[in-house]
Ligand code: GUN
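Presented below, as structure tokens, is a lone chain in the form predicted on its own.
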Amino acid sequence: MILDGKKIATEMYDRLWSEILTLTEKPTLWAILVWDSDSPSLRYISQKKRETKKIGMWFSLLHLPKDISEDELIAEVKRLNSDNSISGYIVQLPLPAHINPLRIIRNMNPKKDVDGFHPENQGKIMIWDTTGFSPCTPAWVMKIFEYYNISLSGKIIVVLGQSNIVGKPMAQMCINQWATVVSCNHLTPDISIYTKQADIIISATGHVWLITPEIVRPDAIIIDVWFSVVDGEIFWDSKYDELIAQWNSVTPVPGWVGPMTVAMLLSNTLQAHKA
């Protein structure tokens, strides 16, 4: 079965548009981009701008030079924190090497941190506090499970990758749904020991064709959320065609990650605006 994230995103956009239509004051999303104009990150920003326009939300881009100092960037972040006309904002990652992203994130207002990266928002996941913002990628994975009525209770789930953006919050959110979670990383000696037992595998590694039919059960659910670029060609973590042929339930690749992530970001922005 194909787990169609695009369909879910379309329905979510429709709901957001309907709710925003009733508001006198429209939500406003800002994005801080610290790179040259030819940065690949600009493509992701453009997608966010396009979708905000479709649902009646305002969008502004603060495009800063890549040689900006860390303190100057923090000053801009604090300015956005204090601007009551801004519902929420993001700092587009990655940042240039001379800037510590953790220091930038710690200076964000957690109530405007619609990417869900601030320690307060991440910490709330740990204690089952739903008043914060969850990182967008794990949040839409949970939306996939909800939409397709996939219960996590009692399931064995293997999470591949341990980033602050996906892997760690993803594992915790599954634990909160009473799953037994195994977290693997690049130092795990043999991931097949764990993937062959898994009911659900969530992969966010950027490792080309890491998930193959040989290391998963035929009835396992595969959620593939990351990719890598080799010689200009995009490769995903899973061998999608072979897994579908084996009757695994799989998220389609490529093409579905962006719409779902942006939909969750705009949902968080509306929530921040209402709060």
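This one's a predicted model, so the numbers in the text were calculated from it and none came from an experiment. Numbers follow the displayed sequence, beginning with 1.
From this point on, the text means the form predicted together with the ligand, which you will not see here.
With the partner removed from view, the residue among Ile125, Ile90, Ile202, Cys174 that has a non-hydrogen atom within 4.5 Å of the ligand in the model of the complex turns out to be Ile90. Heavy atoms within 4.5 Å of the ligand in the model of the complex belong, among the stretches 91-99, 189-197, 154-162, 71-79, to residues of 91-99. The ligand is not drawn, but in the model of the complex it has a heavy atom within 4.5 Å of Phe117. Contact check for Lys48: a heavy atom falls within 4.5 Å of the ligand in the model of the complex. Contacts with the ligand in the model of the complex, taken as any heavy atom within 4.5 Å, map to no residue of 186-215.
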